[in-house]
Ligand code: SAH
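Below sits a lone chain in structure tokens, taken as the form predicted alone.
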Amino acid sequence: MSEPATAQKPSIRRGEEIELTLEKFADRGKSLTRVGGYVVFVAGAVPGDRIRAKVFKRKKSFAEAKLLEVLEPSPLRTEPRCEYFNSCGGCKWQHVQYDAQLEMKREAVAEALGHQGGFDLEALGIEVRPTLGAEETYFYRNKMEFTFASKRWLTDWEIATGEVLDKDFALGLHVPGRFDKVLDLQACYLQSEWSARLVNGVRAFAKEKGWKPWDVRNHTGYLRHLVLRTPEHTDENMVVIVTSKEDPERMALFAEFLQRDFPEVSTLVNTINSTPSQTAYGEKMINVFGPGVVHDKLGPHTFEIAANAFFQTNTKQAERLYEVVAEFAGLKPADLVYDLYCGAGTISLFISDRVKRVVGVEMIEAAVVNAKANAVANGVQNCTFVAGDMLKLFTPEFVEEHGRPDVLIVDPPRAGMHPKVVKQIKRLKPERLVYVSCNPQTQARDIGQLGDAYHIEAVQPVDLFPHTHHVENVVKVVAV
């Protein structure tokens, strides 16, 4: 008697063109389908699309394919607003209806908790709440970083015009996967119409003066980055111009130009970055005019924002995010709260009037300086901020000094918490834990490492970045 035939996985070859119908959203803004059980990921496709695609990566358990043609569009599709959509990496989901984007983010959080955290949400009776969407899905950012480059990327429609275009100067955003080429953006729908006008004005001014943009390969040129801060709740506007060297004469001309053509600019900062590093930060900051800071509000509190300070880039959605944190924390007037990875103290100050005391911990000393200054400026006296490496600082001795917390709020970087910090939380076992994260994968991993000491009670995604796959997520965890 012969053995039964064993099902073979389909032979999908690298370089092959195939027709696919996409089934569901996947991580990082891709969509996927299964061909005989074999997973195929396609960037730019939408669930429900029937497409023609070309396989460019072939692994043991999955493949990735490039979208060549949409044969039948999904009902979830919509027309992108931005003319640079097909080239720019800033808003990869403009072609997806916003309600579908929110559902995609909710599904991403649920899958992370299941796959990375090992939680059976259905068995636990936990349903990830619908993503809190933004009222404004365009012009929502209070900060943008634009790049000067000596190599301009031309879009297909720019090439099709047949015009002779300057390819040696660009001011805009990088093309995905290219560190050396930049789209010369005439419009952008992320920050404000005023910001777009300023970018266009700066480009015209710099080209008129003959100032050279940075050449990332040869490390030459003067202009490197243009950073704009436009707070939500004040009329202040900051311009940060990053240059490769200090040049007072040029900067005086630039300041004169801004004050004449863009009087709405309240402060100008010149950052010097003479290193090969492609960053909008540098070894020296020069306050050219104005106070060198701008101010914005979160809740009742006003925050001072320096040129290199971290502040949530979507002010309105950050306020909604922090209200979720406060709700999940179940704050009481007698509570002692630890705010780990507190940054400039935005969450600490936001909840300060609802509890007895808050202790914020942050590794970056400059952020702690900002947090202390923000507390003083707002007349908040029940917040203590401590600078130090969480791994070394968050010890039993620290708890003995500051008191045992009733609530622990953590908002770590994308990499999540160090396993030893997770173990210390397990030993400390505060009654309530609220975990805020911009990376549901590492968030789920860390919560899973808490084991049986805690159980998940609620999960709330919040959309701070419409038209991208990024999502902020808040998980309420309570001690068993």
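In this text, residue numbers run from 1 along the sequence as written. Keep in mind the model is a prediction, meaning the values are calculated, not measured.
Keep in mind the form predicted together with this ligand is missing from the figure; the text below concerns it.
Visitor: Report whether the minimum heavy atom distance between residue 85 and this ligand in the model of the complex is within 4.5 Å.
Guide: Result no; residue 85 lies far from this ligand in the model of the complex.
Visitor: Residue 109: heavy atom within 4.5 Å of this ligand in the model of the complex?
Guide: Looking in the model of the complex, residue contacts with this ligand do not include residue 109, since no heavy atom lies within 4.5 Å.
Visitor: Under a 4.5 Å heavy atom criterion, is residue 221 part of the interface with this ligand in the model of the complex?
Guide: No.
Visitor: Is residue 146 part of the interface with this ligand in the model of the complex - any heavy atom within 4.5 Å?
Guide: Flag for residue 146 set to no.
Visitor: If contact means a heavy atom within 4.5 Å, which one of 337-345, 91-99, 166-174, 263-271 is the stretch that engages this ligand in the model of the complex?
Guide: Result of the contact check: 337-345.
Visitor: Please tell me which of 389, 397, 156, 246 lies within 4.5 Å of this ligand in the model of the complex, judged by heavy atoms.
Guide: Spelling it out, the residue with a heavy atom inside the cut-off is 389.
Visitor: Of the residues 322, 119, 328, 254, which one places a heavy atom within 4.5 Å of this ligand in the model of the complex?
Guide: The residue in contact is 322.
Visitor: Where, within 396-427, is there a heavy atom within 4.5 Å of this ligand in the model of the complex? Residue list please.
Guide: Result: 411, 412, 413.
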